[in-house]
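Just the one chain here, laid out as structure tokens, in the form predicted on its own.
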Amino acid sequence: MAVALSPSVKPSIPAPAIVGELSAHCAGGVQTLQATCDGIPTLWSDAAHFRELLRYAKHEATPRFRMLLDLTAIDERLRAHRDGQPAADFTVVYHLMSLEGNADLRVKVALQGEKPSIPTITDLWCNANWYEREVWDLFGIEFTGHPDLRRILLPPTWVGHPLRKDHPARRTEMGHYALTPEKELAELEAMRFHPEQWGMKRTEGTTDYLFLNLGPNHPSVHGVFRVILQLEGEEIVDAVPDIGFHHRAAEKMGERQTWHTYIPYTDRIDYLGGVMNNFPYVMTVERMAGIEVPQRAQVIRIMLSELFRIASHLVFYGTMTQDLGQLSPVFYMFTDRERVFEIIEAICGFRMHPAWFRIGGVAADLPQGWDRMVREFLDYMPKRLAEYDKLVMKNRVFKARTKGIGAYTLDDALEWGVTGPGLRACGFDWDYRKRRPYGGFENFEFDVPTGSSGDCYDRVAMRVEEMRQSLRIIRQCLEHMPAGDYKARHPLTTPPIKDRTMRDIETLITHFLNVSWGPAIPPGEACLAIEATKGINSYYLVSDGETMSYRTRIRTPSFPHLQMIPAISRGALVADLIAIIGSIDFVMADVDR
């Protein structure tokens, strides 16, 4: 059925129904449609209409796009291949998601000039706050009307905006660092705590508030993370997260590494997720390159990913109980994690950061004896999980510390961009592996656990049951591992299969160049996502036809999850905050990138 569009729309691709609906409602708001490799409806709007377009998409469209999944920007000034796109120095990209309708929508707004600005959407989505601050910090795009537009990942004294193309990508491109006495004093003054700058009051009426720094180095904040607490006695009046201590410019490094050599950097994002971090990255590159992954490689990827899901959840399970005062489980659970790492090391050669997925498949075929190790683990682990149910989940103290604490509703979760176990704890059985099977998951049988209360206890229970479901998936991998290649024989597969490299010099040279320079991925853009250990993890990649990415955007689940801490902590006690932080299950490398 043809979709009627407003005269301003240039339909370069078939228009989905949502585009026609938006165009009909917001006359002139849809400027043009853009073809993308991922098939997500991508439309361009302007600064005068985009807010109404987003508002309609969230509240009135069919289906409603209630979640702001991501918000980022692109510096377009050096990009060569922009056929059919409006002229822009910078582009702001809004990625909306309808979980009920299982659909995505991407809205782009073109901006001009050295100091671009665009109205805020923090009144439409609560979680837009941090995303807009991040774009301001890294790109210098001002969001007019934002309630607190200041740096979020970089120090307040930082000069420049690092994700602009004119900002150095290497330390060697910058001048020598010098810390003069004057600069040292300025840096110390910038670190001074002023409650008013954080939206807090020193006094109110006859009450004098106490301010407490939890972190940035504290065992219960799970990384270099700071929460500033405004207290009245032990009750939390406000809790403001302070992030950025772990920022390593992972997205900037994506602009100077080849498509192939960037893979090890992905391991360090959710550093507990191992190869699961490789998964969305290589899938996105494969989509842009048109590479079909062999079935054997798909099943190997799924098996390794689910092993890492178990390893990550065991870390969460043990440290969560430790935070609440139960010291024994963490030792048992870390011992079980070692069993998982023994299998991973036997297959990949490395433990935590194997960087083992490749563009087109995996690094090597499975070694002899892998099936015996996996089978022994599958026979061993269910009994251990049953023991942990008695030790932890049925423990009266653990229940008292977690039930009814840090609860939020499904509407809250959608508003704040919560995905993964935190979303399913609210009773919504949305799992990327089920709703949008990727990499071969459509061939596996498993259940999606859900909770009912959305509290700390349910968030723990989700991960416990997910480990059992991961064991089911791994057993199916073991019993139905297909034969065939472990890597595609596509010319852009990196590195190519080496079975012919010693036969003739031409093949050897091709292999050498493809490894050292990397493949040149055709111009285009795509965003593919997975159900990672902590929620939806996606890579939005833009190729300009070169051997490296023009723009690498990493959407991680931990970033929006931490933003929710103030909303679910006010009125709680400090001891409750420890349970809330632990139940979120985050790592700071996943937040700061």
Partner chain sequence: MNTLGIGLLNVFGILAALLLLAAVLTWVERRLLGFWQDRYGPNRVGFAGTLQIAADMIKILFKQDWVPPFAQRRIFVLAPAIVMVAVFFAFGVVPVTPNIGIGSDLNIGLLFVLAMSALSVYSVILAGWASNSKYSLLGGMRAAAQMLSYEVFMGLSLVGVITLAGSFNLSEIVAAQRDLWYVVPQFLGFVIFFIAGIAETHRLPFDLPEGENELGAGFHTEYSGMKFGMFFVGEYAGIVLISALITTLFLGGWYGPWLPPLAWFLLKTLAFVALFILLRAALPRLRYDQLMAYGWKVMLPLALVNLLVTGAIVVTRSA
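Numbering follows the first chain given and starts at 1. Quantities reported herein were computed from a predicted structural model and do not represent experimental measurements.
The form predicted together with the partner chain exists for this protein as well; it is not shown, and the discussion that follows is about that form.
A.B. asks: Quick one: is R401 in contact with the partner chain in the predicted complex, heavy atoms, 4.5 Å cut-off?
C.D. replies: The answer is yes: R401 has a heavy atom within 4.5 Å of the partner chain.
A.B. asks: Indicate whether the partner chain has at least one heavy atom within 4.5 Å of a heavy atom of I505 in the predicted complex.
C.D. replies: The answer is no: I505 has no heavy atom within 4.5 Å of the partner chain.
A.B. asks: Wondering, does Q322 line up within 4.5 Å of the partner chain in the predicted complex on heavy atoms?
C.D. replies: Contact with the partner chain, yes.
A.B. asks: Would P168 sit within 4.5 Å of the partner chain in the predicted complex, counting heavy atoms only?
C.D. replies: Contact with the partner chain, no.
A.B. asks: Find the only residue in P241, P519, G140, G215 having a heavy atom within 4.5 Å of the partner chain in the predicted complex.
C.D. replies: Selected residue: G215.
A.B. asks: Would you mind picking the one in Y177, W158, F331, F512 that has a heavy atom within 4.5 Å of the partner chain in the predicted complex?
C.D. replies: Going through each option in turn, the one that passes is F331.
A.B. asks: Pick from 322-330, 128-136, 447-455, 247-255: which stretch has a heavy atom within 4.5 Å of the partner chain in the predicted complex?
C.D. replies: This holds for exactly one stretch, 322-330.
A.B. asks: Determine the residues of 226-252 with a heavy atom within 4.5 Å of the partner chain in the predicted complex and present them in sequence order; the list may be empty.
C.D. replies: Those in contact are L231, G233, E234.
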